[in-house]
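Presented as structure tokens, the chain that follows is alone, the form predicted on its own.
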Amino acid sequence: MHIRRFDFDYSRRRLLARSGALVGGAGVLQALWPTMAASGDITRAYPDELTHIEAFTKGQIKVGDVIDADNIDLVQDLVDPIVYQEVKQDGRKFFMQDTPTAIETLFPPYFLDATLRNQGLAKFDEAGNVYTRDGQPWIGGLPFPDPQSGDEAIANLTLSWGRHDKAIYCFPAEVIGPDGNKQYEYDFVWAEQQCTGLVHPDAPGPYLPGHEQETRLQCIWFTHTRDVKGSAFLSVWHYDQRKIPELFGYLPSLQRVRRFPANQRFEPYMPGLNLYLSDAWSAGDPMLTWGNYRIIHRGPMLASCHDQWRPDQDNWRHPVCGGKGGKSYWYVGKSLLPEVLVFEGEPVGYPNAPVSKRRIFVDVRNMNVLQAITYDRRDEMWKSFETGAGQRRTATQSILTKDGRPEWSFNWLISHDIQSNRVTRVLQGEKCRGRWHTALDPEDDLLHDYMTEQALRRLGT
């Protein structure tokens, strides 16, 4: 008979103890980050039952199994309440994947390099902004790879959304109504330019020259449908996280660029979408305009953290499932994550926000957001923000960085307004209408081409 030194009850007790204390580093058998940094793998930090779904469920669920309404109760404690409701009541389903353990599968390569190189160098100043030990703006990678507080956790998300110096994402989006039919359809392009914390080897340094006091510039423009085509918006983020970003927009009906109110962050990008500026990467507002961050839980969870890229499908599109028409949700895989950190924050800088708090679930291995749940002013669940991410590599195809390593990015999101039962599905596609193509760290001059008032006018024509 094989006797395991660390059984399931041991893992559960350790995680519950640390969740109750709300302190301590990640890992059960060993500290996670020193283990990953030294070996490149998480295996020594967790026992088998936290990295193998069959061991965790004592054989009731295996890799390859489909989770649906008939068996979701077996893993109810491993999913957030909105995913549970979608599967149990709305016909959603997903399939089980194995659990990746290599650190390189969890990050964009250059962002990982910077995280390992710069760990231990970040600190908060008196206002709560992140600086290096010698008082400079952050220099790249996760500032707090092993967060001990909600403030450190939100800083990991806020300072670099997509974890590339620059990116152009093509987003086909559809809104499915409670009757299961498509109510809205949009194509839009989302471009980001990091100004601080640059990590690419070709960058001039950790800061974009002339923009050292900005976190990022971000532009979004719509290419479909005809009634919104040409609408474009530019957001300029200050490095000081107490300041609300400047927001400019071009509307074809007005044929001019106008400046929008600084606090207009809780309205849909376009009619029907469950997505606000505030929702981006679950950290769409400067982190110091929110507050009262607190860690509330640590534990295992099922989430979509690898093999989410589908180059075998047209425009990298996933199949769909669930809802009355069978097309409300992406049909994707989920893995057993050994440890997820859950924390909350409140929109303290927005007295008229329709939000009381946001609960954010992050993978402690890479501090990537997996799911966020927004609560309305009555403190009732309102909507979700669920994502899937992973390397751009399959058995037959890959997208590589300049030095030949597999790229990594998020691949899809689902935002579900459970009060109206309206679902917004967004795909990071290979392309979208208007002849735009997704590109990670492209050679294009994003600043000049897309992130000026003149560029907004040009995009709108």
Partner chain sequence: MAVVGLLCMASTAEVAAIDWNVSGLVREEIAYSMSGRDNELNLRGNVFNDRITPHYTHAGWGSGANSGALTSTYIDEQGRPGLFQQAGVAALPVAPRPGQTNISTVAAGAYTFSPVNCRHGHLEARSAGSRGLVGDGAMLGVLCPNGGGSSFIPTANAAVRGARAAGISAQGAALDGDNPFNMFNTRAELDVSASLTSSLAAFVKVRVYADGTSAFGDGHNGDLFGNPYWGRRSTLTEFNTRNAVLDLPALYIDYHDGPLWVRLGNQTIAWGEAYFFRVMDVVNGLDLRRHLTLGPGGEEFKDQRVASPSLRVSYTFDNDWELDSFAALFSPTVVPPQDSAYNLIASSTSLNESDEFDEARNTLNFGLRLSMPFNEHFTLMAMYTNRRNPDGVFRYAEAPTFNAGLANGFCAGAHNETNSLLSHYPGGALTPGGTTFPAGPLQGAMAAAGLDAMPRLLGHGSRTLDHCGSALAPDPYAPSSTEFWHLLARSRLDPMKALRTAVDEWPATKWSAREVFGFGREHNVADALRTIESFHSLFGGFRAYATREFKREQVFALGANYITHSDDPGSFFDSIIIRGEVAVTPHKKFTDLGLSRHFIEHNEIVSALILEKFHRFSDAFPATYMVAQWMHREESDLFGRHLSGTESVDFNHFIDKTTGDFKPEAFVEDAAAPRGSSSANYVVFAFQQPTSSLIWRFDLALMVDVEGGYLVQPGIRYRPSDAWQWDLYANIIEGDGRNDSVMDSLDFADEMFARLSYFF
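Nothing here was measured: the structure is a model prediction, and the numbers come from that model. Positions refer to the first chain, counted from 1.
Absent from the display: the form predicted in complex with its partner chain. The rest refers to it.
Taking 91, 180, 137, 349 one by one, only a single residue has any non-hydrogen atom within 4.5 Å of its partner chain in the predicted complex, and it is 349. The contact residue chosen from 113, 246, 98, 146 relative to its partner chain in the predicted complex is 246, the criterion being a non-hydrogen atom within 4.5 angstroms. In plain terms, the part of the chain that comes close to its partner chain in the predicted complex, with a heavy atom within 4.5 Å, is 351 to 359 out of 154 to 162, 67 to 75, 351 to 359, 137 to 145.
Contact with its partner chain in the predicted complex, defined as a heavy atom within 4.5 Å, is made by none of 48, 117 and 307. Although the partner is absent here, residue 326 lies well away from its partner chain in the predicted complex, with no heavy atom inside 4.5 Å. Shown alone here, residue 85 lies farther than 4.5 Å from its partner chain in the predicted complex, counting heavy atoms only. Under a 4.5 angstroms non-hydrogen atom cutoff, its partner chain in the predicted complex has residue 272 among its neighbouring residues.
In the predicted complex, residue 268 approaches its partner chain with a heavy atom inside 4.5 Å. Looking at 355 to 390, the one residue that comes within 4.5 Å of its partner chain in the predicted complex, counting any heavy atom, is 377.
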